[in-house]
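Only one chain is included here, represented as structure tokens and corresponding to the form predicted alone.
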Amino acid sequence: MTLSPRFSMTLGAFATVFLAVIIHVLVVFGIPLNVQHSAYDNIAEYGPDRQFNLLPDVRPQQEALPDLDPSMKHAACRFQLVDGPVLFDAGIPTSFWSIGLFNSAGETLYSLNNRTAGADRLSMLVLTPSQLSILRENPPENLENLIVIETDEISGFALLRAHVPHPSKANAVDVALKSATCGTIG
């Protein structure tokens, strides 16, 4: 049985279009798996994990992360809770500072500023539920002074922001952000 030339052409065109659609769908669905441009990944370029790393000043088309406020200085700290709880500590000499905790997908886990904290100093502990149960057995001396954040997220980052009220204060804010800690309890 032979196929007519017209039917063969139609079948060939249909097969080509069908194959093109399948390849197109596979490529479109495969792109997110192969492109790593998350905020978590971008922050790694600015320094080691478990340390606040000062991000460059915000300039148009040159932002370290999207939507950063140009009137603020920013420092970021990546962490993995499998390495233990993370203690954040900072004293920032400005009228407004804030810290945001994000998971590795960039979703907000917690946000705090000096006004809601009721203190000028940041003292915050982030840990998993199992780490919290261990901590309760042997609490550190300053536990009552810490804001304790419990999360199931294993990896994430903190973004510490400090308002710069005047350019003459920029260096003092830089020094404070560089001296902020993002480490272990101890």
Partner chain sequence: MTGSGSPGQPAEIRYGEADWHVQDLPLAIRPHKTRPFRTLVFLSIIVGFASLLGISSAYVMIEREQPLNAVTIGPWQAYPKAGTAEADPYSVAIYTRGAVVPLASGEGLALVARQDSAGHLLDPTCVYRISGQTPAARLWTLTVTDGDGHLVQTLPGRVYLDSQSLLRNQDGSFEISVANNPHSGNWLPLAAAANASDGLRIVLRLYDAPVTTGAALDGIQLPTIERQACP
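Residue numbers count along the first chain shown, from 1. Values in this document were obtained by computation on a predicted structure and should not be read as measured data. The term rigid core refers to the maximal set of C-alpha atoms that superpose within 1.5 Å between the two forms.
One more form of this protein should be noted, the form predicted in complex with its partner chain, which is absent from this view; the next part is about it.
Visitor: Quick check for you: of 60-68, 137-145, 45-53, 122-130, which stretch puts a non-hydrogen atom within 4.5 Å of its partner chain in the predicted bound form?
Guide: Going by heavy atoms within 4.5 Å, the stretch is 60-68.
Visitor: Mind checking whether each of Ala170, Thr181 and Ile185 has a heavy atom within 4.5 Å of its partner chain in the predicted bound form?
Guide: No.
Visitor: Among the candidate residues Leu81, Leu87, Ala90, Leu112, which is the single one with a non-hydrogen atom no more than 4.5 Å from its partner chain in the predicted bound form?
Guide: So the residue touching its partner chain in the predicted bound form, by this definition, is Leu112.
Visitor: Can you tell me if Ser38 lies within 4.5 angstroms of its partner chain in the predicted bound form, counting non-hydrogen atoms only?
Guide: Yes, Ser38 lies within 4.5 Å of its partner chain in the predicted bound form.
Visitor: Tell me, yes or no, whether Leu159 is in contact with its partner chain in the predicted bound form, where a contact means a heavy atom of each within 4.5 Å.
Guide: Flag for Leu159 set to yes.
Visitor: Does the 4.5 Å heavy atom contact test between Val175 and its partner chain in the predicted bound form come out positive?
Guide: Outside the cut-off, so no.
Visitor: So in the predicted bound form, is its partner chain close enough to Cys77 to count as touching (4.5 Å, heavy atoms)?
Guide: No, Cys77 is distant from the partner.
Visitor: Within 3-25, which residues come within 4.5 Å of its partner chain in the predicted bound form, counting heavy atoms only?
Guide: Residues within 4.5 Å: Leu3, Ser4, Pro5, Ser8, Met9, Gly12, Ala15, Thr16, Leu19, Ala20, Ile23, His24.
Visitor: Core-aligned, is the CA shift for Ser179 between the shown form and the other one 2 angstroms or more?
Guide: No, the C-alpha moves less than 2 Å.
Visitor: For a quick test of reading the superposition: does Ser168 move by 2 Å or more at the CA between the shown form and the other one, rigid core aligned?
Guide: The answer is no, as the C-alpha of Ser168 shifts between the shown form and the other one by less than 2 Å after core alignment.
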